[in-house]
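Next up: just one chain, as structure tokens, the form predicted alone.
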Amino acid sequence: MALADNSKIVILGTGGTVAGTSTKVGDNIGYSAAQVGVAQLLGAIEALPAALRGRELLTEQVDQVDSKDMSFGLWQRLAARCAHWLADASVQGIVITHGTDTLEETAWFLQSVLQPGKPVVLTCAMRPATALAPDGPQNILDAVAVALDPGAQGVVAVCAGVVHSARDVRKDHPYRLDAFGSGDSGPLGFVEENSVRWVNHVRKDDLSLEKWPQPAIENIVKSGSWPRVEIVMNYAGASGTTVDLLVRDGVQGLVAACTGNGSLHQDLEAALIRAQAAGVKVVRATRCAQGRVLPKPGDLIGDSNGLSPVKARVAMILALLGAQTARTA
């Protein structure tokens, strides 16, 4: 007999601190990430069967990495596995266990490529599984609650009981359990005793800057050659030397992490304009923790449409891949 719709929750493991261990019990910083398999990790959460509310749980180990070492190859595999499960009518939602360091980039990549109608929930931990009080189990339970909620859609991140959009989420703190924020946009909601209280709606521009046809998405996921896009930062005394070197080295895109409202040292700006004239794609984002670059008439370099520098880089990589795919189609 075929299973009814929405009868399954899929949890994909990629490693991270949530799967980390230390040789010293209670050591919250001197640990090795990505040591515990996702099935073993979930098996230790006694409250998980009740949290699933009768849904069948499927698990899959997509990879086992410290997210500081995130790669394009893993992004491709993860997107492919998400697409596979999202196409299954019996799957209500997907949870992904992930390291905190690059979670915001993976979230935006998956949202941009998949644009799912079902929830895809990234979750994580700031303490390893061997901590005296690990935060991973509760974060996983909260992520499952979001995946089961009828109001959830698209890619979101859940940490310390807070639900963040893929567009706005960013790691704000290197150690605290509530390490993530959503800037001045604010969180989407809060998980309270296995229920989600939504306080914000997903805006249209939360979801993606561009909609690609399915064949292009498939080619992007399968592509063996990804464009090289780098981030350069503005600061007092910034020069254009790094930009000139990157252009000579064949970089295809540059994101400037600017001061304030997209401001650049005159030497760095001149180098970026030269790069742009040479055919390199260039955008400006702000290095400020909140807010976005507000464009003004006469800007010589475009802005990132509110994306942070790292997410602007993801968007540029995908745009260049999309153009590359169109040329070869």
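Note that this is a predicted model, so its numbers are computed, not measured. Position 1 is the first residue in the sequence shown; the rest follow in order.
Same protein, other form: the form predicted together with aspartic acid (ASP), not shown, and the subject of what follows.
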Contact segment among 55-63, 26-34, 277-285, 40-48, judged by heavy atoms lying within 4.5 Å of aspartic acid (ASP) in the predicted bound form: 26-34
Any non-hydrogen atom of residue 107 within 4.5 angstroms of aspartic acid (ASP) in the predicted bound form: no
Contact with aspartic acid (ASP) in the predicted bound form for residue 13, defined as at least one heavy atom pair within 4.5 Å: yes or no? no
Does residue 149 make contact with aspartic acid (ASP) in the predicted bound form, using a 4.5 Å heavy atom cut-off? no
At 4.5 Å between heavy atoms, is residue 100 in contact with aspartic acid (ASP) in the predicted bound form? yes
Contact check for 17, 68 and 125 against aspartic acid (ASP) in the predicted bound form, heavy atom at 4.5 Å: yes
